[in-house]
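Here we start with a single chain on its own, the form predicted alone, put down as structure tokens.
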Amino acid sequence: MNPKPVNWIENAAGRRVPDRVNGEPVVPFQGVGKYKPQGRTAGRPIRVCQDYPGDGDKRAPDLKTALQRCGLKDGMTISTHHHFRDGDLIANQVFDICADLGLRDLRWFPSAAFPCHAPLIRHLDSGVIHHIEGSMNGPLGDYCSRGHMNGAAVLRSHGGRWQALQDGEVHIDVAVLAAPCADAFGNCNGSDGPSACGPLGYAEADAQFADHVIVVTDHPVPFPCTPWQIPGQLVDYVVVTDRIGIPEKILSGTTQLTKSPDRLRTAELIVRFAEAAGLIRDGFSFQTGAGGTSLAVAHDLSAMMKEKQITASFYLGGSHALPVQMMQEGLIRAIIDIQAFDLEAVRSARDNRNHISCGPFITYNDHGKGNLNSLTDIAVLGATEVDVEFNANVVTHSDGRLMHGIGGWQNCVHAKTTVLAVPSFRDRMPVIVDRVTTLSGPGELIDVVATERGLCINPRRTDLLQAVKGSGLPVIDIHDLHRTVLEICGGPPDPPKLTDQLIAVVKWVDGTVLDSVFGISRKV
């Protein structure tokens, strides 16, 4: 694989992007809703029942044997999922085994990587793993930013990951799925067992499109495992091991209600805005993410809904304790969920028939016959930077360091109204900037930027501007907010010290290249 791009192109967002990534041709971003590929979706090889045990027992003695039986060899693509978030115990084992087998130049295609995967840096250094295509949080992102990875990372949204597999951009040779409960045939779910982590939505794409699928479980049950989220007909081998993950660590990251007065103020403004704009009404739908401010929005929204005796039609997950409580109180009719962010959500997904487990094909995939994003009335999300054109960045810091994954963010900005909840500055570094360091989402899809200083409504949304007129809400021009922030912070931040080395590209939900990410100077 050749990590060097051949030519550079300015895409429709005005960003400089390569025409090849890791030696493969790519399509530059052409504008929101402009790119419409033709053809048929990709598929897995045809299999025949004669090649599988007649008694349905697909158990292999251990993970190494299962990987060997899959015909693993140099240069292949291995996928894992992130439903255990920072508590995953399987991905590191997979690549330790690959190293023992002498394999090299593998592509790791996780649905996301977390700090618990930092031990894989030694396999990147040694060449066992060539590069990672998936969201990277923390140490792996920093490693990538410093230009140490052999190939360029490819960052996709959760829906974009399904799209890439479905459209044939990425082909998985071996998918290794950590399943908290499974039978010997391979039917499995995330709801039961000592390592229950909730819905296995992100693993559905891997099971659907991979050549070989290995299910690893620490809670084997007699056939049939019910309910099954992934059917055994998609599974080649089942491996029983001592422990697959630490469910308590799915809470890691941002899933804590903020105590910051500024962020609580921002949450209050968002809920007041939603009410003034007429977005909170019986049967509305929403998604608030799992960040601290977003959780505060859900908290305030809950109080308002009780007061007005309003019931939402659905909440679009990842889910956590707060929407679960709202559903128990009759404020939400259903939670539609891909992953659980805490153990209360795990319990709810198991016990409540209105807590619906599903995958990103239904919720997020842009290349389908509709998805749930476009049905969602209001989405409240975060960002690391927002510029005066409402463009947003969620993957790099203002110093250019790659530290965060995209998650479902790019997909959720397709809600009918998208609100970004951000502080106007962090540690005296402006969050409202002249131009975002990395473009993760075009400004035309961002409707409102909410900060502790007021609400900036995108001029394109004349309907929202008209709706909140006379409401008393602090609506301010984003250029005025930008000037205020610069005065507070003592001027614009120093530009990031970047190298010419392409270390990652950000793909849009349709598979086109939205932006490039370059390495940071080794002196930073």
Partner chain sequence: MSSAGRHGNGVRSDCRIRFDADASGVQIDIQSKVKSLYGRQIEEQIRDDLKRMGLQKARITIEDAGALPFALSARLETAVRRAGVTVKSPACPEQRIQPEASPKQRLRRSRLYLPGNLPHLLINAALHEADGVILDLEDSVSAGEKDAARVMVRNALLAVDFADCERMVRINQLPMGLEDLEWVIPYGAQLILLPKCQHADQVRQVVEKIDALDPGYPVWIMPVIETTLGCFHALDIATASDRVASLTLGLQDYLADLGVPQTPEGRESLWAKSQVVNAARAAGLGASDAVYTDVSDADGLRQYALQARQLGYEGMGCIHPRQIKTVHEVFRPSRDEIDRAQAALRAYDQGVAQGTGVTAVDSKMVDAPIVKSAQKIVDLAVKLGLLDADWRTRDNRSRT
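Positions refer to the first chain, counted from 1. Nothing here was measured: the structure is a model prediction, and the numbers come from that model.
The same protein has a further form, the form predicted in complex with the partner chain, not shown here; the description that follows concerns it.
Residue heavy atoms within 4.5 Å of the partner chain in the predicted complex occur in exactly one stretch of 100 to 108, 288 to 296, 158 to 166, 261 to 269, and that stretch is 261 to 269.
Although the partner is absent here, residue 42 sits far enough away that none of its heavy atoms falls within 4.5 Å of the partner chain in the predicted complex. Proximity of residue 465 to the partner chain in the predicted complex falls outside the 4.5 Å heavy atom cutoff. Although the partner is absent here, residue 489 sits close enough that one of its heavy atoms falls within 4.5 Å of the partner chain in the predicted complex. Shown alone here, residue 242 lies farther than 4.5 Å from the partner chain in the predicted complex, counting heavy atoms only. Out of the listed residues 428, 122, 333, 281, 428 is the one that sits within 4.5 Å of the partner chain in the predicted complex by at least one heavy atom. For the options 452, 88, 366, 183, the one in contact with the partner chain in the predicted complex, meaning a heavy atom within 4.5 Å, is 452.
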